[in-house]
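Below, in structure tokens: the form predicted alone, a single chain.
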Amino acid sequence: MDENEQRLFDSWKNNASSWTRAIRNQQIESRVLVTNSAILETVIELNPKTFLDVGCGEGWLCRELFSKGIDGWGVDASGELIEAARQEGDTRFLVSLYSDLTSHKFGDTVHFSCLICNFSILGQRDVAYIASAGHSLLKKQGKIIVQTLHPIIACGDAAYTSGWRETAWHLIGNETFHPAPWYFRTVESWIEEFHARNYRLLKLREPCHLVTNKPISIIFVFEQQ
């Protein structure tokens, strides 16, 4: 890993407990009001039989999909977050770097209907790792679903170009977070990076805040070619 990737990886060792509490106590307004339901709706509309939640965190999305009868697994590079996910009573969670996704066994599932990346593509190399893994792990015409901060909002006052940025964590409840770098992508860059790896854009959504009507996130659905 380069310096930025290593700092990003290390940050989740420090942030795992705070993040788990913030998610389970519903302290992130945008998620409660908009983005949680947006990713669930997007996945369910595709009617997948199986899923792999890449960067699953403490596992909330997996548990929601399990409860709807959709089989799947969650993976995360943070052992602390995977431990938190397993403590909720399900064993379908594994520790894995994105670069190692194809080295694991996922029970009886060999190929998934979709890979889900819900606010979990934060590094520069993540798209390459996940897209490459998809060619081995996805069924024919399988989907990669990505939700991320909307680039218009996430860009702030910086130039609208792809590149490393520093996290600007806002206070969430009583939680504090260790800052870390993350890799910003323009809308064009997201699409081009997946197109270059033999995926086509099938659908794009822009969930908006219910009060301000400004976009909070953007959801891409890419289909393997």
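From a predicted model like this one, the values you see are computed outputs, not experimental measurements. All residue numbers are counted from 1 along the displayed sequence.
What comes next is about the form predicted in complex with another copy of the chain, which is not displayed.
Taking another copy of the chain as it sits in the model of the complex, is Glu206 near enough to touch it, meaning that at least one heavy atom pair lies within 4.5 angstroms?
Output for Glu206 is yes: heavy atoms within 4.5 Å of another copy of the chain.
Consider His178 of the chain shown here, and say whether it contacts another copy of the chain in the model of the complex, taking contact as heavy atoms within 4.5 Å.
Close contact is absent here: in the model of the complex, His178 is far from another copy of the chain, nothing within 4.5 Å, heavy atoms only.
According to a 4.5 angstroms non-hydrogen atom cut-off, is Arg92 in contact with another copy of the chain in the model of the complex?
Contact with another copy of the chain, no.
Using a 4.5 Å heavy atom cut-off, state whether Glu223 contacts another copy of the chain in the model of the complex.
Yes.
Contact at His150, His195 and Asn213 by another copy of the chain in the model of the complex, all three, heavy atom at most 4.5 Å
Each of the three qualifies.
Heavy atom within 4.5 Å of another copy of the chain in the model of the complex - the one residue of Ile191, Ile172, Leu65, Ala38 that qualifies
Checked against the cut-off, the match is Ile191.
Looking at 65 to 73, 48 to 56, 28 to 36, 152 to 160, which one sits within 4.5 Å of another copy of the chain in the model of the complex if you count heavy atoms only?
Looking at the partner contacts, the answer comes out as 152 to 160.
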